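There is one chain below, alone, in structure tokens, taken in the form predicted on its own.
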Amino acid sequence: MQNKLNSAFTIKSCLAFLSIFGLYLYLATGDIKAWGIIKWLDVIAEAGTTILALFWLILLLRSRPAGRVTLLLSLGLCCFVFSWWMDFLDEFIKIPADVFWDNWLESLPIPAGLVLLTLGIFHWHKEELAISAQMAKRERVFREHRLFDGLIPLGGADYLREQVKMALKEANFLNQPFSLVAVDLNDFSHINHTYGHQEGDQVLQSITQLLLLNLREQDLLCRLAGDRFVAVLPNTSVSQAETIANELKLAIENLAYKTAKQGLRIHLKASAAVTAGVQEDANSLIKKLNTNLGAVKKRPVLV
């Protein structure tokens, strides 16, 4: 705020000094015109343009933060104000014919001001594009945040569908394989019943962190529903996805999770399934994945 005030004061002070200096030059060099030969229509027009430009300058300095854009726009407007001010003085003071600098003072600031304004508007345009991009990003993050699960920092079912749609488009465009892996905790309802829902929530949070640690940087983990997680695996073949699914399943089974109150270890088991394809839509692919997972969970457990 202080920098903004200092910048505005400096610009106004310089403009006031130049305007007074221009008035002094005209008074020192020329003669006051007779009242009867003054063209009042020109006086009104030139005074009006000067006042309007000065008003624009004040609004600009009051509404924008200090910076390159504000400086360029302000200097451009200052050039216009000064040029029109000198043109206004010319209506009251007659300059001798052998004096040449008065035309320079009236004319040269205009093209200089146009150049400065053009540069300022150009950088202002870039600034607005950057702000628009940031606002769009914030809006997207806010919109996606509403699709995130309330318990754990993962996208929910709706978010998963949107991400699968985008991943399928990218896979088709790049001609790459695409796979999904579903991981489901076995007998999770038993944990809730035996240790309580709060402990069950802690288990889900721990499993989330564990799965994220065992996925690649390009993979995306979502919570489809309850204790069912889905990993989106771009550029991944079926065989690679099956390897990852088995690793996730083993990671859960080897987790030595201890309950918060009793400190008892809960031996967790999980089922995992894979589906792949780039020709299907997101809903069909997720439905197929759930079907495959249901078939895996129905298989008899080999002891």
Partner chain sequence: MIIKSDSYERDTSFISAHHQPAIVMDLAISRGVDSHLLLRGTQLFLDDMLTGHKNISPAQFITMLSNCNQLLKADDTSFLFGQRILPGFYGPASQVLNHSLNLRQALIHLCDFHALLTPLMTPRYFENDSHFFVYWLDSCGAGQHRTLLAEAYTTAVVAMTNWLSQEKLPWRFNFTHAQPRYIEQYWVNLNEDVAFNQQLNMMSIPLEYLTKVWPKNAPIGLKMAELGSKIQLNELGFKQSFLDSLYEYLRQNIQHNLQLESVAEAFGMSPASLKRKLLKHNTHFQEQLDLARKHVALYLYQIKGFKHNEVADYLRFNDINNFRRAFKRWTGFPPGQLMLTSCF
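Residue numbers count along the first chain shown, from 1. Here the structure is a predicted model, which means the values were calculated and not measured.
Keep in mind the form predicted together with its partner chain is missing from the figure; the text below concerns it.
The stretch that touches its partner chain in the predicted bound form, counting heavy atoms within 4.5 Å, is 218-226, out of 164-172, 218-226, 103-111, 72-80. Its partner chain is not shown here, but in the predicted bound form it comes within 4.5 Å of a heavy atom of I286. In the predicted bound form, its partner chain sits within 4.5 Å of a heavy atom belonging to D201. In the predicted bound form, its partner chain sits beyond 4.5 Å of every heavy atom of H125. Although the partner is absent here, I93 lies well away from its partner chain in the predicted bound form, with no heavy atom inside 4.5 Å. Among the residues L117, A157, L212, L154, the one placing a heavy atom within 4.5 Å of its partner chain in the predicted bound form is A157.
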